[in-house]
Ligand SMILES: Nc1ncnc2c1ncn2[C@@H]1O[C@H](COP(=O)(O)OP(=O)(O)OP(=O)(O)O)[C@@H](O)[C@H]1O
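What follows is one chain in structure tokens, specifically the form predicted alone.
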Amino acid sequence: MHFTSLRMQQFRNYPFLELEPHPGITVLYGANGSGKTNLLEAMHLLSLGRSHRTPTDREMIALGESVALVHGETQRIDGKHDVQVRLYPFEKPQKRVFLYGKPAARIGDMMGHATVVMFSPEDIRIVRDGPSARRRFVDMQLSQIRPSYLKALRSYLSVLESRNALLKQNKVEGVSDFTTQIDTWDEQLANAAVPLANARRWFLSELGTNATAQYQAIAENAAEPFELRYIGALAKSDTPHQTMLEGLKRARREDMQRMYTTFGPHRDDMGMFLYGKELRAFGSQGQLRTAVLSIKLGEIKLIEREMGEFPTLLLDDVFSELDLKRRNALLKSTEGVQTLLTCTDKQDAAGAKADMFLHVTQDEHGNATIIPG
């Protein structure tokens, strides 16, 4: 898969941009804050429906503007795809998706039209932050590979919200038929939990195999045993539906006191281990970076195997974070992959065998301009 065109209007500091990305390697270079990352962010938005660096869509709209637009066309093995996202700061819905020029019923319908793997310095948060950051990573990547997963996730979260609302109502004002209602929601939540647990187990098993091999190839000590694990209530269960029901009943008294559900896939985590010890607690800075890079390289291989084509690779100022060995491993992964790479100086991309160089600058008003060469 590769992007054949990208158009932006009033997106971040781009009043207007039309670009035909090269199917090979493109280097975007320029001063910090010039707008390089904004361009990668736009491609990430077209793929996953959200920014990689902010949960607030309004931040992506140019100051004082009433709408921002990002439009992309991609070429996949099944033909051409057309996807557009419009962002509105003061209207509802604030985010609207268009496929082939027509409004999509749901934002999730955009999954599968553009697929990206992004690697940025912020990705170290996958290791450092709490379980919610790692669940978000797993959920986003699974949604790209299997668009049906997003529907299953939303179904689970909807039932979870209803169960939590019942717990709160019962605590505040009492519910006469509480036991009957909570039993019903338990059954529905158990049903909704099964496809999530099965998909996450599969994904982390496959990604773990790839990441372990990548880690051994690029680590300073090839003997370091890096491992990904699925950590969760249903991670090892052969009967996830029954396990979920039993867990919910065991936790019911605590749930009633806390007014929210304490058992289930919404508390899952992706464990990362070296020598059997948790990486976040015991790993060095270099080991953390190697682990994240290994996971990203593992993603590329998993997507190619499952979808039959490579994703577009977005590399945001990562060369400054990597030594020569890790940089070469990353460059090797770009072979045959559409890659957009940002750096502050053109020489930083030496060895990338770039097919196109684009200089990103700002005018006196802070607006971004792209100059070839």
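Note that this is a predicted model, so its numbers are computed, not measured. Residue positions are given as counts along the sequence shown, with the first one as 1.
As for the form predicted in complex with the named molecule, it is not shown, yet the points below apply to it.
Partner contact region in the predicted bound form: 54 to 62, out of 300 to 308, 318 to 326, 331 to 339, 54 to 62, criterion any non-hydrogen atom within 4.5 Å of the named molecule. The three residues Q9, S66 and R86 each lack any heavy atom within 4.5 Å of the named molecule in the predicted bound form. Among residues of the shown chain, H44 is not one whose heavy atoms approach the named molecule to within 4.5 Å in the predicted bound form. Using a 4.5 angstroms threshold between heavy atoms, T26 stays clear of the named molecule in the predicted bound form.
Heavy atoms of G49 never reach within 4.5 Å of the named molecule in the predicted bound form, leaving it off the interface. For the chain shown alone, Q347 is not a contact residue for the named molecule in the predicted bound form, no non-hydrogen atom being within 4.5 angstroms. Residues of 349 to 368 placing a heavy atom within 4.5 Å of the named molecule in the predicted bound form: Q362 alone.
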